[in-house]
Structures are given as C-alpha cells and as structure tokens.
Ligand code: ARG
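Coming up is one lone chain in structure tokens, specifically the form predicted alone.
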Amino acid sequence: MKRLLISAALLIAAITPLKADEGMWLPALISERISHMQSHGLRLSAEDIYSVNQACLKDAVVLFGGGCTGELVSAEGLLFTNHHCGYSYIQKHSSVEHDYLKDGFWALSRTEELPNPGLTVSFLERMEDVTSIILKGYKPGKMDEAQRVKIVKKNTEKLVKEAEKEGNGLKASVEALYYGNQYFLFVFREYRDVRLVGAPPSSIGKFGGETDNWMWPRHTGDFSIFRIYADSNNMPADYSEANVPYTPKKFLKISRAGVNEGDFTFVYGCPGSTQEYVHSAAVDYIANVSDPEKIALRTTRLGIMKKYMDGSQKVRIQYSSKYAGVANAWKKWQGEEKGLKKMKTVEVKKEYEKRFSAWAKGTEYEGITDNLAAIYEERNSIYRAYEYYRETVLTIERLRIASGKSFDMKDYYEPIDREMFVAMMTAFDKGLEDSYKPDYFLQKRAQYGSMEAWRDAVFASNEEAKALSDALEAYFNGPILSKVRSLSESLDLVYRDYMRAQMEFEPNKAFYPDANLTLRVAYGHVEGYSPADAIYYRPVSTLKGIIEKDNPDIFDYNIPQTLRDIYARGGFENQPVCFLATNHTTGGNSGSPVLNAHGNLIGINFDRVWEGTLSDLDFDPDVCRNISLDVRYILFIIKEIGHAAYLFDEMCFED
C-alpha cells in the first residue's frame, strides 16, 4: 500500500517546475505552491485562494455548462463567461426576427433575462485527498487488477453517496489523478436556473471568426453575461418566476487599472484535458496520424456548411453554433500538429525514455517503456478506425434523427446533410480498410453502387436510415469500442506504474496532475512572444487594431456601425481589447477569470496562441501563451454598445 500511495510532499516536491509558468495546480494543495507564487508577485495567502472554513476565491468560480468556466462579479448572481461558451444558448433564443447572434442581446431589466433550460453552473464546495479511503481493502501483490477495480468502485460509490446525502444540488465525484496513484473527492453544488443577461453582437463576440481563432494579435470581445437564480433559501431550484438572484459567498472585484508586461497573473478555472506524461508513441500518433486526418475531414465538413450558410441568414443562424464547434478543434489541431513537429516532441520523449530506461534497469520498472510502445502499436490502428467513424458517420444528422436520438429540428437544413452524407460516407469508405467495416456496410455499398444512390435511399426511408445507423453503431460501439477500451485499460495500468516511476526518476521535479475538468490554479505573467525570426508580438491589443481589420464585405470583420462612430469621435484609439500571459491553460479554461496579484478580475481567458496549442502535450515556455479579454473592454462594450451601464451598479470596482 505504501508504494501505491503518493504523498502530497512527493507530488509537489520541488520549489519550481522545470519550465517557467507551466502547471495546473490543485487548489486544495496550493499551500505547497504559495511561496513560489508570492515570490513572483502574488499578494494573497493560500486561504484567500482556497479554504473550506471561510469564503475565498474558489467560491466565485463555477463550472459553466459542463465544459467551460465562469465567475461571479456581483452580490446578485451576475456571471461572466465567454461568448463562445454561451453561444449555443444565445443561438437557441435567436431567429430571423430576433437575431441575437447578429445583433446582440441586452436585458434592460430582470424580467427581460432569458431562461436557458438544461444550462447549469456548479460551485466547488470542497475537494480532498481520499486515496486511502478509495483503496481501503486493496492488498497489493495479493489481488489482481479486476479485484482492485471492484474495490475502487465500491468505495467510490459509498463515498459519493455520503457526500451527496444532504441533497440541495450537491453532486460528488471521485477523480483518479496521476493515472490512479491518487484519488480526490470533488463536491459541487449545481444550480439549474441560469438566465441570459447580455451578449454582444457576434461581430464583436466572434470578431475575426475562424480566421483569427487561436491567433495573435486578437481583437475578439469574447464574453457573455448570465445570472444565477435560486430559491428563497439561496439553494438550487428549477426555473421559476418566484426564484431570486443567487447570493454568492464570494464575488470578484473588478480592476480597471490595466495590465503591463511583466505583471503577475493567475487563472482560476476548470481545464479539460492534458496528456503531459504520455509515451512518445502517443504523441507520434497524435502528430502524424490523428491530427492530420481529422483536420482533413473537418475541412470538408466546414466547406459544405459554409457554402450554404453564406447564402442564407436562416441557415447561418441554424448552423452557426455547429460550425463553430467543428472549426474550433479543427484550427487547434493544426497548431498542435505544427507545434509538436517544431518542438520535436516525439524525439525529445524518446530521448527521455532512453535515459529513463537506463535508470530503470534492474528495478521493478525495467521494460516499462517498451511495454507501453507495444500496447500502442496494437491500439493505434483500431483506435484510428474508431476516430474515423466518429469524424465521418456520426456527423450525418439524418442517421441521428432516424435513430430517435435527441435532436433539435429547428436547427436542421437537409441540403447540407445530404451533401454531408456523400462526402463523409465516401471518406469513411476510402479511409478505412474493409476489415474495419461491418458486413452490412459492404453489402449495401455493393447494392447501391454509389454513395449518391445510397444517400437517396437513406433520405427517402427512415427505415433505411435507421438500419444503417444501427449497423454501424452496433459495430463501432460494440467490438471496436470494446477492443479500444480493453487496450486503454491496459495502458492505464502500465501508466500507473510509469507515472510513479517518473516521479522517482525525477524527485526534484514538481509534478502536477493532468487536467480533468476539475478546478485548478495556473499562474504566470503578462508577456509577449516571438513565433518566428524577426517577429515579436506585444502582449496587448487595442481598438485601433479592430478598426484596421474592419471590413464590411467580410461577415467576420464587419463591426457594428456604432463602434465605427465611437472610434471616429476620438479618444478610444488605445482602448485595450485583449492581452497575453504565460498561464498554462487548455479547453475548459474558456471563461476562466484572470486575476491580478490582489485577486481582482483583470480579464477572462478565452484562447491560446496557435503556436502554443501543443501545451496539452508539451509546454514550451517560449510560445505557450493564453489569450484573455481585458475586462476594461467588457465594460466598454456593456456601456457603449449594450447601453446597459446599469449593470455597473451591482459590480464592485477596485482601481
């Protein structure tokens, strides 16, 4: 048991990480990092950041919608997050008659705030190391992995049930960290009545569209505003007109002092997924197989959607959220692929594995990297087939509709789907060997002779569409997925030892757990970067840059006339818009508060620079930068574009 448990002292062993500003740290263990943070400029204590005994910054941060972060900015439940995090909800309220995507939305009173069925926000109540509880009853060396899994499952269910027994919206989960070397309990309180308060027009909230996405300099006003409602006891409740604005334990003060290069910053949010400690074979697959193939498939899908969206306002509204969802990862993967190859991450990992193997010779860890390589060799081909299925067949909406899966017909346009069927089924057929296709597919392919003929049959007959969907789903979610999971479990088992071994191999390195959508703290400084020879990007963009990009003939760069008029009056040339910092972030950090040394809100995280998107696998301190929206631009848009300055009355400013 002693060998399997990793103490907090080992997990946060070193004073500094090997690479400056790298790391996503658990708030409950932030006392182990606080002196380093303070040496870099922080003016808060560990208790200010995380405490279970008093209100602290964690109480002002929420998991928004299950995949983003948000922050409380008033005593009346007012919440900031990204425009792209609220985008699907704004889209659902939009129509040709009330195009809130195009024109923006501003509730000028509480009664005008719009409910959003299904949208939740969750506050972290507490987190704690429960490794000894979860592994209670497990006897290393005397029990096999199946017995361990059974014990972990039983102890987890008991612990979660106990944590949730109060009710009142409590949701608990036990998360495995460091590949199961450590377990943490996370207890959240989930609120279900969240209403839209304000959103800028997309020409501000998505300014630059996919052209500027992941790029710097950035000029996107990526924010939206919501309000949390609760029952009369400040507890979670379903939507009701009787509900009242939520009163938070803590909300963030807003700083209008601005940022300067070198300023200390930290991000408090819910990063989604990273793979910092994986084997070179995993990186090789991502960089040379997975990313390039998914990029190509999504390029085709985006081209089909854009063609129809450009020709119809109604279709643009219907598919805007879908398009953005497809394009976001598509653009990210391009930067990731480029960055991994530029940094030679595969080669660096292999060199590390050589040194590790020499150290491990004669120990219990001997041969572990070869074992991982062998599992990946078997896994990669079948995992590729599963990814191909997800990126092709599962994107055809006709099949989803026929199968009776949840689908909003309001946002469906059949001509897009018909063209998508031919393109994606053709790609599926050409991209995979026949051995990875079910017999039903092969029979129907021969029967119809062309994808166009097959498409016509599928769109004419719900029975035909359902039969195709069911056959492919049964095959890929059956034997294919079963094999993928089996091999993934084998990897996880070896990684548990490999993770522990890496910590023993590098005892002076500070190891942080991979991101898993739980609350983390990342910290760094406002800083520009040099992506290529003779180029240096300064860390702050301004309204002047928006005007320079403004183009009425291009949808993504056609700013509101009001903004042009404001600029023409003079005095706003240097209005800050976005800024860069060295904080380590990833997906899920969208909407995260960016705080200054005193814990006051200076911005909202919304992106990374394209050259630094490799940070999910390899953090390069020279180019890994997070992009944040300056809070002063948010205030500017609220006042000058939304004419909703009344919202300032409930905010607290710290200049």
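Note that the structure is predicted; figures quoted are calculated from it, not measured. Start at 1 and count along the sequence shown; that's the residue number. So that the term is clear: the rigid core is the largest set of C-alpha atoms that superpose within 1.5 Å between two forms.
This next part talks about the form predicted in complex with arginine (ARG), which is not shown.
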Query raised in the report: Which pick from Tyr138, Trp359, Phe264, Trp214 sits with a heavy atom within 4.5 Å of arginine (ARG) in the model of the complex?
Result: Trp214
Report task. Scan Pro115, Pro531, Gly528, Gly209 and let me know which has any heavy atom within 4.5 Å of arginine (ARG) in the model of the complex. Result -> Gly209
Query - 4.5 angstroms heavy atom contact with arginine (ARG) in the model of the complex for Asn328 - result: yes
**Report entry** 4.5 angstroms heavy atom contact with arginine (ARG) in the model of the complex for Ala324
**Finding:** yes
Query raised in the report: Hey, in the model of the complex, does His84 get a heavy atom within 4.5 angstroms of arginine (ARG)?
Result: yes
Report task. Although arginine (ARG) is absent from this view, report whether Phe606 comes within 4.5 Å of it in the model of the complex, heavy atoms only. Result -> yes
Query - Segment that reaches arginine (ARG) in the model of the complex - one of 593 to 601, 55 to 63, 32 to 40, 606 to 614, heavy atoms within 4.5 Å - result: 606 to 614
Query - Flag for Met215, CA shift 2 Å or larger between this form and the one not shown after aligning core - result: no
Query raised in the report: After fitting the rigid core, is the C-alpha of Ile151 off by 2 Å or more between this form and the one not shown?
Result: no
Requested in this report: Determine whether the C-alpha of Leu302 shifts by 2 Å or more between this form and the one not shown once the rigid core is superposed.
Outcome: yes
